[in-house]
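Shown here is one chain on its own, the form predicted alone, set out as structure tokens.
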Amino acid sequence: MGYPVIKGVSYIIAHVPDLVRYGSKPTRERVKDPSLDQKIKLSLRSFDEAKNYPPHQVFIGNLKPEDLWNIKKPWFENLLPGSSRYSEWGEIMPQDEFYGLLKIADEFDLVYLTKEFSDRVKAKLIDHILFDAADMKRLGEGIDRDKVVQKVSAGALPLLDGDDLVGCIQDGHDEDDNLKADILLENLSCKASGILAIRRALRSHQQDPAAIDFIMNSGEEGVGDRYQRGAGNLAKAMAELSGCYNSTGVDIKAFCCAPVHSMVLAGSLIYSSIYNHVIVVGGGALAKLGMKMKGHLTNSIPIMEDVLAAFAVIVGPDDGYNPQIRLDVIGKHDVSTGSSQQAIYEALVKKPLDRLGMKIPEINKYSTELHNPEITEPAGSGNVPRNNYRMIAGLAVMQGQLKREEIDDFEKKYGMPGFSPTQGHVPSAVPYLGHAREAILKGELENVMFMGKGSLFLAKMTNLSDGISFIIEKNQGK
């Protein structure tokens, strides 16, 4: 039996400017400085600005990452007017539709939308290929605006569309902080965006939902209650509303490294014949909205962390066609590896390649943490992908596989500019899977290494770092 393959991908973005206020950083800063509300409002992008933003078009697949080299910076000032909100395997959804999706994903009648807004959203979603009559029934008829006002006055979290109050979300329990409205909004946002990504992947690649056996959600939300924080299962919740009725699922937690761990686990489950088709999904992280807004406001640029990003990957058995996951050359950060950058890159890059008898330049492309530098640099976080590529290039120089003067060219030759929204786990290598799959199928690439890293010390349980890598390559049966 051959190695498992990447059968399909999807990447979606939900532009949610009026949810920025509920991101972790804005929530905390607004309490300290109420004037931030107006500053945030004046710095938000319109849907067209988000849709026409070059890195977003790369993320959903309408542009290649390499196209960004030829677009003048700052990208937020050099938009691509008339860009499509749809791609072959993705889309950019406006806020009003996403609010409708939140309501569709709500199983416990916690989200309320006004009648007028519900009618407006229904008129738009009814023409969307991923939604049907059952979804419209779940969306419901809405309630009078006065009732929404009453609920907000009683403590419900308001949902705004510009200056309009269009809905709210209630607490799920009077005495459980884990079921407060703000936490439930985070969880529902991850669930809803994950559902959209799964539905898009299934439809774009003509995959029967009933054939999916298992779903793994690599999102960052700790879904649970006061007795079992983080013990919930968003993966199965996503499967329920994605038509995957023969599937079960589980959430995989490893901070930013979870998507790459999940890809390795998915491939292993298929290779061992436990499951036949597995979906790896990563829902959007509402807590990360506006995370670096202070750097953006200080530099008078738009708040670009105004989107929820999500992805879904369909992994299946070898079909003699699609790119394979090489399960015999997984790189991993052992407990004994240590936390030095050199040790981490040796574990994730050098050691697996040594097992193949390959040199670093023999991998066509490296996909690392693909944070968009236009978001991170104004906040003082630097160009994350470039730093990673320089580390890999430096390791190649140490091994005598690359000349020192070639370090500066390594990023363009073996890497790519960062283009992913800074959604924590989402940028961790996997945004390039769709591009890599397509390039390999077209014969433009032979192989790609995907490398994710994580900061386990953030949970205050260990000082260890984390990391894992895998390679996909051209199917030898093709």
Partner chain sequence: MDLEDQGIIKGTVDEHGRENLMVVLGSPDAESAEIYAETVTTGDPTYAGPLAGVSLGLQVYHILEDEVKAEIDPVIYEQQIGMMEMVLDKEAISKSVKKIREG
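Keep in mind the model is a prediction, meaning the values are calculated, not measured. Positions refer to the first chain, counted from 1.
Only in words, not in the display: the form predicted in complex with its partner chain, which the text now covers.
Student: How about N387 - does it come within 4.5 Å of its partner chain in the predicted complex, if we only consider non-hydrogen atoms?
Tutor: Flag for N387 set to yes.
Student: Quick one: does K442 come within 4.5 Å of its partner chain in the predicted complex, counting heavy atoms only?
Tutor: No, K442 sits far enough from its partner chain in the predicted complex that none of its heavy atoms falls within 4.5 Å.
Student: Considering non-hydrogen atoms and a 4.5 Å limit, does its partner chain approach G222 in the predicted complex?
Tutor: So G222 does not count as contacting its partner chain.
Student: Taking its partner chain as it sits in the predicted complex, is R229 in contact with it (heavy atom to heavy atom, 4.5 Å or less)?
Tutor: No.
Student: Here the chain is shown alone; which of G140, G394, G243, G172 has a heavy atom within 4.5 Å of its partner chain in the predicted complex?
Tutor: When its partner chain is considered in the predicted complex, the option within 4.5 Å is G394.
Student: If you check S273, Q342, N299, N78 against its partner chain in the predicted complex, which one has a heavy atom within 4.5 Å?
Tutor: Checked against the cut-off, the match is Q342.
Student: For this chain shown on its own, do R28, K294 and I407 all sit within 4.5 Å of its partner chain in the predicted complex, going by heavy atoms?
Tutor: Yes, all three are in contact.
Student: With the partner removed from view, which of 397-405, 158-166, 307-315, 199-207 is the stretch that lies within 4.5 Å of its partner chain in the predicted complex, judged by heavy atom distances?
Tutor: In short, 397-405.
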